[in-house]
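Following this are structure 1 and structure 2, which are two forms of one protein chain, each written alone as structure tokens.
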Structure 1
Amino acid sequence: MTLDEILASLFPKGHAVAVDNEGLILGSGPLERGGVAEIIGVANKTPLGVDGAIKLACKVLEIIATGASGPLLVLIDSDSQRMSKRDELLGLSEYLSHLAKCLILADMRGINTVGILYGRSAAGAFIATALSTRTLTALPGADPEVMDLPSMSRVTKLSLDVLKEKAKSTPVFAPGLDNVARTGAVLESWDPNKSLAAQLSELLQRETVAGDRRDLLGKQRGGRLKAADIASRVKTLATGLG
């Protein structure tokens, strides 16, 4: 789905969402059942650098400061983090972390943050945006990846053919929505043929508690069989109950 189609379906009565010349999505729109949804995001497969991250974070902090109860939608069709000397020289890690921290703070303060992955996203940009929301949903065209197979081939010294063959049986390293969803990162995919406004409304009523249950989801889906148990065992030992 294109961004225009998504926004039209989310906000049938119209909206005030725009993409600026740096590929950032900013704005708001009226919810079907009353109230306003605030929007941030990255469009057009734009890489996320220091300049974009600080602008998006600024908007998140403004929303928190107004005392708004949300929701806050994070629409994502990005590249990875911007790879440049300037970004790294200036401390890109802090800018991406800052955006993630602001989104997580919003969630802690009771603002329901919903990621909507409708295109590409990868690596640091994916962590700082989509993965920092309370719930992440996906639309057709969603294509998350940590690293593309050709780059992975260079790093692992395995041929592309070998990697493609292994990817069939080992989704834990392979790119793509289904493989990422199996780990628990994506809660659900939305149906593009039904009203997105209605699907959002239903999600907002259902996912009302902040917190992180993604390792349990990954266990249920068979994509991360050990993570939840290991984390739970360490927690038990750490609290002296083991």
Structure 2
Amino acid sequence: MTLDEILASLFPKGHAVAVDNEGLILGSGPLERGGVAEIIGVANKTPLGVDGAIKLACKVLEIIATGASGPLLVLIDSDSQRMSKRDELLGLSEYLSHLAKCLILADMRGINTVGILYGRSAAGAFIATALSTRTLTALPGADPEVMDLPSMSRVTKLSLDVLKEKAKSTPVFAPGLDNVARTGAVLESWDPNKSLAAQLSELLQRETVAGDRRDLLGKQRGGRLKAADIASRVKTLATGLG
């Protein structure tokens, strides 16, 4: 689906959402059952650099400051993080982590953050946006990956052939929507032939508890077996209850 088609289905009564000249999505739209959804995101497979990350983070903080309780939708069709010398020297990782923490803060303040992945996303851009929301949904055409296999090969020093073999049976090594969903990162895929407004409304009524439960979902789906138990053990030790 195109961004225009997605927005038309999410907000059949109209919306005030636009894509700026930096490829950032900003705006709002009326919900089917009343209230207003705030919207941020990245469009047109734009890489996310320091300028885009701080602009999105500022918008999230502005929404929190208003005391808004409506949902915050994060629409994503990005490249990875912007790999430029300028962005790296300015501290790109800090900007991306700041954006992620702003989205987590919004969730902790009672704003239901919903990621909608409708195109590509990868690496730091994926982690700082879609993966930092309370829930992440996907539409046909979604193509996520935490890291492509050639890049993973350079980092891990494992050969590309070894990684390709591991990717066949280990979802955390493999790109693509099905593999990422098995890790628990994607809660569900939406049907583009049905009203997205209705599917969003149903999700908002169902997912009312703040917090990240992707590790438990990944364990249930068999794609990420250790994360939930390790996180639970760390929390127990950290709180002195073990």
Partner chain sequence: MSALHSAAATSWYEASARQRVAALLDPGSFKEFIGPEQREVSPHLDIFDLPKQFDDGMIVGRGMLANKSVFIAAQEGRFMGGAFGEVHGAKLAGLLRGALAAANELSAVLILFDTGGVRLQEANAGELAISEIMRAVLDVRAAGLHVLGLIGGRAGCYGGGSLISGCCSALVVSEQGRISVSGPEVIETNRGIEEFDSQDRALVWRTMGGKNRRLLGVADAFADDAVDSFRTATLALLSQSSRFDLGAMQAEQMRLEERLTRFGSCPDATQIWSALGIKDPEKIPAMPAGAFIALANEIQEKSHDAR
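Throughout, residue numbering runs from 1 along the sequence of structure 1. Not measured: the values here are computed from a predicted model. Rigid core (definition): largest C-alpha set, two forms, superposition within 1.5 Å.
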Next item on the list: Eyeball the pair and call it: which is the form predicted in complex with its partner chain?
Entry: 1
Note to self: With both forms fitted on the core, check whether the Cα of Ala123 differs by 2 Å or more between structures 1 and 2.
What the structure shows: no
Check: Superposing on the rigid core, is the CA of Pro140 displaced by 2 Å or more between structures 1 and 2?
Finding: no
Next item on the list: Please check if Glu22 moves between structures 1 and 2, taking a CA shift of 2 Å or more relative to the superposed core as movement.
Entry: no
Checklist line | Rigid-core-superposed Cα shift at Ser151 between structures 1 and 2, Å | finding: 4.3
